[in-house]
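Single chain ahead, by itself, as structure tokens, in the form predicted alone.
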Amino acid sequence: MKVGLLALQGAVGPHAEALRDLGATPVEVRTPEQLADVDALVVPGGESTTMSKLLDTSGLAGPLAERLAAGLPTFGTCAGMIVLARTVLDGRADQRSYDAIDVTVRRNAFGRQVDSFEADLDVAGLDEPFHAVFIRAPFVEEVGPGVEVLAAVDGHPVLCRQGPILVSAFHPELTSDRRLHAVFLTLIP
């Protein structure tokens, strides 16, 4: 199975390594043609407003909206969570979000870069805690009725799923634990 990695900006390499470890074929996506040729997509961390602008200038904004609306399994991490959200708080007025998952996300919710942290999370469906790396992380302020909250920090959802969409406020690719990438791969028909 070919899993696209939105390779406009952000941490693509560690996601590619995690996917290869699990037997998937990672493919960097920078053009609409590359997006059309993948079975699923990872939207990595990075800077969400920059990513939004690059989606427009690359010609990917429209094709991505179409693939998401058609049910493309997608895993958004950190900035990827923001890009996939219904609503973004503390974002720029021209920032694009795709309404792929019914959540309201607050950018940089845990604070600035110096407030970055790591935490062991109890994740629904996993037997042991997942060690999560939060870097200028968002969190979910509100979830819609079809969203399953899989993990939270201080009462704030940080890992959610709705249908074929999985989002995390943290960076699972920065650890050697492949369980969340494995969960994502189960969402691909």
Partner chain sequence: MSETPSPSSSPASQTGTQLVKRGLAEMLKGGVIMDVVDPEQAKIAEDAGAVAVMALERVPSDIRRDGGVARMSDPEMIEGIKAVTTIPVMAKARIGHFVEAQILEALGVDYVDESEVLTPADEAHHIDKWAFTVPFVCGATNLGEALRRISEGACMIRSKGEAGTGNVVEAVRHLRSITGDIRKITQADGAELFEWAKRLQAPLPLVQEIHQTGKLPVPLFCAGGLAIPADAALAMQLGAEAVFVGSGIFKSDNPSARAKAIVEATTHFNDPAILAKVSRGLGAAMPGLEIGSLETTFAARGW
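Positions refer to the first chain, counted from 1. Nothing here was measured: the structure is a model prediction, and the numbers come from that model.
Omitted from view is the form predicted together with its partner chain, to which the following refers.
Visitor: With a 4.5 Å heavy atom cut-off, would you call Ala11 a contact of its partner chain in the model of the complex?
Guide: Yes, Ala11 sits close enough to its partner chain in the model of the complex that at least one of its heavy atoms falls within 4.5 Å.
Visitor: Although its partner chain is absent from this view, report whether Leu72 comes within 4.5 Å of it in the model of the complex, heavy atoms only.
Guide: Heavy-atom contact with its partner chain at 4.5 Å: absent for Leu72.
Visitor: So in the model of the complex, does any heavy atom of Asp102 sit within 4.5 Å of its partner chain?
Guide: Contact with its partner chain, no.
Visitor: Looking in the model of the complex, any heavy atom of Pro138 within 4.5 Å of its partner chain?
Guide: It does not: once its partner chain is placed as it appears in the model of the complex, Pro138 has no heavy atom within 4.5 Å of it.
Visitor: Exactly one stretch in 62-70, 160-168, 47-55, 142-150 has heavy atoms within 4.5 Å of its partner chain in the model of the complex; which is it?
Guide: Of the stretches listed, the one contacting the partner is 47-55.
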